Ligand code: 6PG
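The chain below stands alone and is given as structure tokens, in the form predicted alone.
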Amino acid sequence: MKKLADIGLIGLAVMGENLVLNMESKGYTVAVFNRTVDKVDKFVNGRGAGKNFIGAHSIEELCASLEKPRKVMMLVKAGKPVDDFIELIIPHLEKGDIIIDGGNSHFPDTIRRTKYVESKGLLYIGTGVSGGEEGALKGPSMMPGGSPAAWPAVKEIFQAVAAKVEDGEPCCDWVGEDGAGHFVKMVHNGIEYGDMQIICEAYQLMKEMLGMSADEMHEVFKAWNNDVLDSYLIEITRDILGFKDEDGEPLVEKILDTAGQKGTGKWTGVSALDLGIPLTLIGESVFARCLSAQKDLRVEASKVINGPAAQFEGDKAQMIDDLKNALFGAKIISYAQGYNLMMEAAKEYGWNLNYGGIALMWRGGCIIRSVFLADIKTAFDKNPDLANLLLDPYFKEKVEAAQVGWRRVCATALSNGIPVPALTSALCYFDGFRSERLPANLLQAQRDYFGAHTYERLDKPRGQFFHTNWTGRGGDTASSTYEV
């Protein structure tokens, strides 16, 4: 074993432990430290026994065991723990050394931390790491951003441990300055929320409207995973629906229907609101989890509020095919909205994002990996300035073809009283996006009526604003603010 390690890692929880095993398997010596020090000894003498690991019992010892430029990666809880560890690490590093945050940090924190660490003469990377426990061990998707000068020093290690696509290309590349990596990871997680929600809506429709058993649904998802919906989330849904509890009954039906969340979906929605981007599907996915958490209130409401009883009398096979189209159409909308958000953020924060490259990074290792992402990469390879995925000929054709079945699904679900917030909000976005005229003219008249907020006219050049004294009682003074 080498006397000095190639990289050091702080945080031997599930992700950290599996990621260092991945690094070591690729030929790297890794120094490890954990705040609870006995975890270090347990790991080095357990899963890490006989391998190229250096166990450290202090931050000072960890940093002293690293080759220069030192590379210290943290996989700790987002928020204050990251800031605390940065302060503990800095005194033991020298100019040009690198601190790496591999957790799910909020991108504004990464922007702030990059600036702070660079002010100390050091370099900083905030990298999204996706793929869960298995991905960390076998090859995650990695989305690094921060100090550009740090990338050459970590590129070989990151790309060695990252997942690979069919041609061997690693699912890891430099994303951009300061918080760009964590922003892209945040959007990834938001899309993950959306994908999971539309799958759950399809499951509920199959179960409550079509009366399908878990085994029947298992077969449908199995077939879908060999078609256009081929993806990790469809694959694991197939497996979950086929999994039996000890009594032989489907385990999924015994799980309490209250969803948890760690905040990245919410951050994505808040960022969209801040930047003025209609991220409707992901927003509804977050709210769906919030509604699920109100279990006791929903149980109470179910006893006193009536709605239509689910009663499907149509062609079951056709509805299953329609559901596939609804999922595919909504999935296109989700990615179109997510990419739209990244484009606006790039303008706002001065990032030069490679949108095709991001699709490549998401093609393997991560939770939202799917064959679908290859088509996104192709779209941006053909047109790097593509303003919206729906304007790409391939995606335009596919979403238009999906809409007939998608509309039948939404209409049938609503008439049967089954909630499909993500599928319907995605369809409404599609219809709004393709509409030359929306009713915002009336909205602007309302705003001008009660607040003198002014409006533009169709028969006048853009940029000229007008105010009307709608009641005859108001004055001619208009509001000084007008926001589109």
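Numbering starts at 1 and runs along the sequence shown. Bear in mind the structure is a predicted one, so any value in this text is a computation, not a measurement.
Keep in mind that the form predicted together with the ligand is missing from the display, and what follows is about it.
Engineer: Do residue 193 and the ligand come within 4.5 Å of each other in the predicted complex, heavy atoms counted?
Structural biologist: Within the cut-off, so yes.
Engineer: Verify the contact flag for residue 231: yes if a non-hydrogen atom of it lies within 4.5 Å of a non-hydrogen atom of the ligand in the predicted complex, no if not.
Structural biologist: Result no; residue 231 lies far from the ligand in the predicted complex.
Engineer: Whether residue 340 contacts the ligand in the predicted complex should be assessed with a 4.5 Å heavy atom distance threshold; does it?
Structural biologist: Because no heavy atom of residue 340 falls inside 4.5 Å of the ligand in the predicted complex, the answer is no.
Engineer: Can you check whether residue 131 is within 4.5 Å of the ligand in the predicted complex, heavy atom basis?
Structural biologist: Output for residue 131 is yes: heavy atoms within 4.5 Å of the ligand.
Engineer: Could you tell me which stretch in 372 to 380, 166 to 174, 332 to 340, 258 to 266 has residues with non-hydrogen atoms within 4.5 Å of the ligand in the predicted complex?
Structural biologist: The contacting stretch here is 258 to 266.
Engineer: Name the residue from 288, 367, 93, 410 that puts a heavy atom within 4.5 Å of the ligand in the predicted complex.
Structural biologist: In short, 367.
Engineer: Of these, 218, 106, 188, 113, which has a heavy atom no more than 4.5 Å from the ligand in the predicted complex?
Structural biologist: Contact residue from the list: 188.
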